[in-house]
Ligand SMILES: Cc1ncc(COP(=O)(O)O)c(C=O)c1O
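For reference, the chain that follows is the form predicted on its own, supplied as C-alpha cells.
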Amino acid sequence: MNTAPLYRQLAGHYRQAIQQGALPIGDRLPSVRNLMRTHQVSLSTALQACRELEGEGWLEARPRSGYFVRTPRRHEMPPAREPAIPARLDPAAYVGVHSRISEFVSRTNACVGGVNLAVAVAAPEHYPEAALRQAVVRATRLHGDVLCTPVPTHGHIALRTALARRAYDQGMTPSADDVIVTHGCTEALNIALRTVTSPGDTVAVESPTYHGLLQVLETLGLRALEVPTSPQSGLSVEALELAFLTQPGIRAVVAVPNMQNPLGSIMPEADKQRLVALCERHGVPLIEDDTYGLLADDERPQRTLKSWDKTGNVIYCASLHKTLAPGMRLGWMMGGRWQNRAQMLKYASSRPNEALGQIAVAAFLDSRGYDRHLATLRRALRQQRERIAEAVARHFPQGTRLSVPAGGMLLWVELPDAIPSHQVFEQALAQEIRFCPGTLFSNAGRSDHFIRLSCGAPVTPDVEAAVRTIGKIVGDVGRAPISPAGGGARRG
C-alpha cells in the first residue's frame, strides 16, 4: 500500500510517464482541471503535484499555457571527462588503501542515523523477501535432512545447475560442473587471484576501480597497475595493450565490463571481444567481475567476457548479492583452465557454503518470479538513479560533471575545479550524510575529486535534502581559501 501523500503519488505517476517517454520533452501536461477530473483529486492536490515536478526539473510553467515537459537539468550537465591515455602508464605499485578503507568503513558504521548514500546495495524492499522466505520453507520441507547432511564440496547441484542454465542468457555455455559456489563475489575474486598470481606479482586493474578489489590485492601482497577507464565505454583496451608492451610482468587483468563500479560503464561488445583476444594473445589470465551486469536497463542480458572465451583464459566471478539476496552472500565462479586449482583453493580456504540457502535460491532462479523481480528492480533503480542525477544537477555548483549510466545503482560525480572529495566527505559526515569519496577508488590519487553516490534506496525528502547539502558543501569547499599548510582547501 502506497502511504505517500496523494500529490506525491500523482507526481510519481507523471514522472514515470516522462521517464519512459510517454510524455516526450516539449509536450504539454494535462491541464490542472483535467488532472482533477481524471484522478479525482482536489485543486490543491493537482497543483502540488505539478509544483513538485516543476521543482524537480521535469516541468516548466508557461504563463496562460500550463505545464510543459522540459529537458531535465541533468541533460544540461557536461559528461564526466574521458581519461587521458598516457604514452606510458604509471609504474605498478603495492596497494596502500587498506587502512584508508578500514577507517572509512569504521567511521561510516559509527554514523547510525542520517542518510546513507555510500552503500552499493538496493533497499531491502527492492528484494523478494517474502518469496525467498517461502522458498526456504519449501526447501526445509522437501529436504528435511539438509541441516544435518554434509554439503557437496563445490556447491549444491541444484544451485550450480540453475546458475549454469541462467548463464546461457549471457552468451556462456557452462555445465553445472563448471560452477563453484562461493561466499559472494569477493571470495570468488580472492580465489581467482590466488589461482593465477603469487605475492609481489603485478595485476592490471581499471582506474577507478572498486575499493574492495584494491583491498583484496593488498591483502594478497600484489601490485596494482591502474589502467585508464572511460565512464562511457569502460577499460581502455588501447591503454592495456600499451601496458603489455611497455611493462612486462603483468600476471593478470581484472575487469568489470558490465555496469562497472564506480563508473557504471558498459564496454561495447567489440571492445569486450578485443580484450579477451588481447589477454589470450599475451598469455595473461583475464578475471571478470560480473556483479552488476544483470542490472543494466536493457532487459536483454549483457554479454560477458566469458562468452567470447574459447580457451579457458577467462575466470568468471559473479554474485547474487546485489541482484537478489544481500543477506545470503551467495557468489559463484568458473575457473576456466584453472578450474581444478580454483576448486582446491575454495575448499582449502572456507569449505562449502551452507546448503539450505542454495536450495532455496536455486528454486527461485528456476521460476518466472526471478525474471519478474529483475524487471521490477531495474525499473526502481532507474527511477531512483534519474532522481538523484536530477538533484545533483539542481544543487551542485557549476562545473560539476556527471555521466548517468544505463543501469545499476551508482552515480560517479566529478567535482568542479578538482575539489578534494575527502574534505566534502568530512563535512558531510559531520551532518550524518554518508557517501564514498573518490580517494577510495584509486591507489594513484586519480579520483580524489570524484564522489560516488548510491541510488539503491527510494528518494525520500531526506535523501533529496542530503544531496542538496552535499552540493552546498562542494560549493563552500570550492570557495574556501588555500590553507597555510596546503591541506587541500581551494582558492575561490
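From 1 onward, residues are counted along the sequence shown. The structure presented is a predicted model; accordingly, all values stated were derived computationally and were not measured.
Omitted here: the form predicted in complex with this ligand. The next part is about that form.
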Handout entry: Position in contact with this ligand when the complex is considered in the predicted complex, options Leu305, Val413, Met334, Cys185, heavy atoms within 4.5 Å
Key = Cys185
Problem - this ligand: the contacting residue among Leu217, Ile266, Val205, Leu189 in the predicted complex [heavy atom, 4.5 Å] - result: Leu189
Exercise for the section: Mind telling me which stretch in 177 to 185, 276 to 284, 297 to 305, 417 to 425 gets its heavy atoms within 4.5 Å of this ligand in the predicted complex? Expected result: 177 to 185
Handout entry: Non-hydrogen atom contact Arg223 with this ligand in the predicted complex at 4.5 angstroms
Key = no
Practice task
Give a yes or no for Ile388: in the predicted complex, does one of its heavy atoms lie within 4.5 Å of a heavy atom belonging to this ligand?
Solution key: no
Problem - Contact of Tyr316 with this ligand in the predicted complex (heavy atom, 4.5 Å) - result: no
Practice task
Would you please decide whether Leu132 lies within 4.5 angstroms of this ligand in the predicted complex, comparing each non-hydrogen atom pair?
Solution key: no
Handout entry: Non-hydrogen atom within 4.5 angstroms of this ligand in the predicted complex for each of Gln384, Arg434 and Ala466
Key = no
Handout entry: in the predicted complex, residues of 197 to 218 near this ligand [heavy atom within 4.5 Å]
Key = Tyr210
